[in-house]
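Read on for two forms of one protein chain; each stands alone as structure tokens, with the labels structure 1 and structure 2.
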Structure 1
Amino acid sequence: MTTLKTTITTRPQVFAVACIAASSLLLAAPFAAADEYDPSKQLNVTIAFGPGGGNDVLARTLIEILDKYDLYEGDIVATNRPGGSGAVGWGYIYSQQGNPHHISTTSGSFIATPLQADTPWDTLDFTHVALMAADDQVLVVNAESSINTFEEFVEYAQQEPLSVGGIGSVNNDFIVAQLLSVEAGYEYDYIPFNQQGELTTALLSNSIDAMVATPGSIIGLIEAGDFRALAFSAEQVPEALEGVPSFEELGVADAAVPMPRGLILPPNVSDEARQWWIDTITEVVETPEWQEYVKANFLTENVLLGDDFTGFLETSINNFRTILTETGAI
């Protein structure tokens, strides 16, 4: 088997999200579905955010496992399509209606973006394959900051709003940052980024005061002493973050919103293709490489397949809508 290690990153879009996503519908001709799924055809993996973030790491881990265990016969091409808090990438997947040879990974923006932006697609429009894991968040500052604890962070923010960065304008990073401010009683300015590298650089250069991120994307910088972790969203703090208080310990447990890491196909994909991917993901999550990915990125494994994943998304949509409404985001 020959697997292409091709990576493409599209330039960030500068048009309105709704216009971009709508125009993407013109890119693809209708796909004629076959009864049998053909894994010998090229697989196109769309990553709705830039390189280095959680979506990117998940997609590339999945590709490596598919390749190593010969779970997919054809070539695989991964393309980063960042922009609009995931609207550009998932808008492209939406435009591939019925085509089972396009897949994408998900995050909190997959749920939140269509609630906040005028996208032509909805979370429930897609073909849902599997929820594979949940990702938690950590609040960090530059190690050179005079802020050493979450309590000090709150004190500073109550005196003057601090700038907090995150991936996406309405991703889990934003929701967690917003809920923290509500729970702890302070104001702040949220600064969205499309790529983890840009966000990390902003904090390293002190262009922002703090950021909310998944621990797997910045643990190296925490361990190297470049970033200082102030709080971790999950109840059980991983060994690598020993000494960092959990949201529950800080009395802000309601600000913890895990990020769903899952896999989707375009709308109207055949049941046969969906079941092929469900069966394949069942094999993927049993591999030692997947278990190492979960451990190394401090994820909580939570596998829900097919309709169970759809049910999870339906519940999450209602929860996100309530949170975004109560915090004034929509």
Structure 2
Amino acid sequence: MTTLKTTITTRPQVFAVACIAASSLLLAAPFAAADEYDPSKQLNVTIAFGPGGGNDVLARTLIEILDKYDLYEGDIVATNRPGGSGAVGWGYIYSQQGNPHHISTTSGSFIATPLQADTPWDTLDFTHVALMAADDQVLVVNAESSINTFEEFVEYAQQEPLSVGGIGSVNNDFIVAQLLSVEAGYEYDYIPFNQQGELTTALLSNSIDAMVATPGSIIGLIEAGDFRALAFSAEQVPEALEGVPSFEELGVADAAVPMPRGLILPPNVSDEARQWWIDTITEVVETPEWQEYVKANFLTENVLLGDDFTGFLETSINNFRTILTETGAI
């Protein structure tokens, strides 16, 4: 029931032609596959999380853009395969070795899950296409708090450890909170939560002293003056958070670990297919729809193509591994 079909070729005859073309190509596959990518075949989009989450919205936005600008000729079928913090969905993509007609979108769990669980796949096994945007974090306190700036926050924390909340214990929120404490030099207690709602409520009720969150989830409370933003992890601070210093400005740039919103293909996909997708994503991120998506969800514009994306993932994995080994989580 969670499968939705986006049909691009709606007219039956076009579809029939496409089918014939596809089947003839199948016959010629040994010769053709290595040379050219065939965007007329059905594209399978695997979403490793349930409907309605950040990863799902990203995948469906991408499909809409591919559809609207005719960037992909064939049918596009999106399937949610949630379970095991992405282990199930990306495990499925992993099983499609070499098949360039399967794609999937990534999130923080793409790095965290294989470190934490014994998954058959590893983050670096896949064919990395591009980082399309990044989900950055903001450090906030309740506006009733006497802490007004990041400097004050560090001062307070050095006198008496503060409690800082975030989502999960093997997750970007925790990594950022931990790196911040190391970089700025203070002690703190990390309080993990399962749901954003519970986390936000905990700060709102003054149960915790501060929290790390993505701006999209709490922007309304910041604008209304209920929460005070102290620091933002990316260099480029979104409009809605104007005046909030970036980690870089505060001298803690190394604490920034953005959540990757990117695109991957199964392992061992041909270079031609990878290049085709890199070119396509370059077009996708230029569209006004994509700009709007990035803005509406308070993401950070951050496009890294091909090997640059792989490099980005390697750095993130190292960050995660170092911290999680230190804290004993893995």
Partner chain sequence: MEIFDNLLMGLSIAITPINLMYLLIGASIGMMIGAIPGFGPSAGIAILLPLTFSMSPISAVMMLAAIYYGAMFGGTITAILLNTPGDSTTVASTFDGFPLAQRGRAGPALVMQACASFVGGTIGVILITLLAPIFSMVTRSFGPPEFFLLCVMGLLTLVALMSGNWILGLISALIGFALGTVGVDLETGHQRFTFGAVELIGGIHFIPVAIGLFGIGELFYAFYNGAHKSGSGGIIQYQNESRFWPTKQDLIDCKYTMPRNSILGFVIGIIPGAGATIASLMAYSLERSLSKNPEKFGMGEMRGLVAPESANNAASSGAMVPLLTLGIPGSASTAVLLAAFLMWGLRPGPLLMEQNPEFAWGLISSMYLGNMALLVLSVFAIPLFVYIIKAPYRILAPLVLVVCTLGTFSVNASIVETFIMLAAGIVGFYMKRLGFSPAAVVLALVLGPMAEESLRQTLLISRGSFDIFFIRQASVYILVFFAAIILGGAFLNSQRRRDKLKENTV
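Predicted, not measured: the structure shown is a model, and the values here were computed from it. Superpose the two forms; the largest set of C-alphas matching within 1.5 Å is the rigid core. Counting starts at 1 with the first residue of structure 1 and goes up one by one along its sequence.
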Structure number, where the criterion is the form predicted alone:
1
Splitting the chain into two rigid parts between structure 1 and structure 2, is residue 275 with residue 313?
yes
How far, in degrees, does the smaller rigid part turn against the larger one between structure 1 and structure 2?
36
Where the rigid core has been superposed, how far does the Cα of residue 233 end up moving between structure 1 and structure 2, given in Å?
6.7
